[in-house]
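A single chain comes next, written as C-alpha cells; it is the form predicted on its own.
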C-alpha cells in the first residue's frame, strides 16, 4: 500500500534571547505563530518572522519553520 503525505499548517517559531544565566549561557525562549499556510514560501515566512521579531522586547536568536503533515494510507 502507498502512503500519501498531506501537508497541514506550518508553525513559525521565534527563538528570543531573554538574558544570560549565572554561568554565562544564553537564556532562550520560544514564541510560536500557529496555523501558517503550508504553501507559504520560506522567504515570506522569514520576512514575517523578522518583522514580528522587531516588535519583541528581546533580541532574535533564530527563526524556525515547522511543517506538519498527515500521512494517509491510500
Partner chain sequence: MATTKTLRMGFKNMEGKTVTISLDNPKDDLTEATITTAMDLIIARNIFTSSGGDLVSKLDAKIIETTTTDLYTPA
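Remember, predicted model here, so these are calculated numbers, not experimental data. Numbering follows the first chain given and starts at 1.
Although not depicted, the form predicted together with the partner chain is the subject of the following passage.
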query: In the model of the complex, residue 12 touching the partner chain (heavy atom, 4.5 Å); finding: yes
query: Proximity of residue 23 to the partner chain in the model of the complex, heavy atoms at 4.5 Å; finding: no
query: Interface membership of residue 61, the partner chain in the model of the complex, 4.5 Å heavy atom rule; finding: no
query: Touches the partner chain in the model of the complex: residue 66 (any heavy atom, 4.5 Å); finding: no
query: Neighbours of the partner chain in the model of the complex among 23-38 [non-hydrogen atom within 4.5 angstroms]; finding: 29, 31, 33, 34, 35, 36, 37
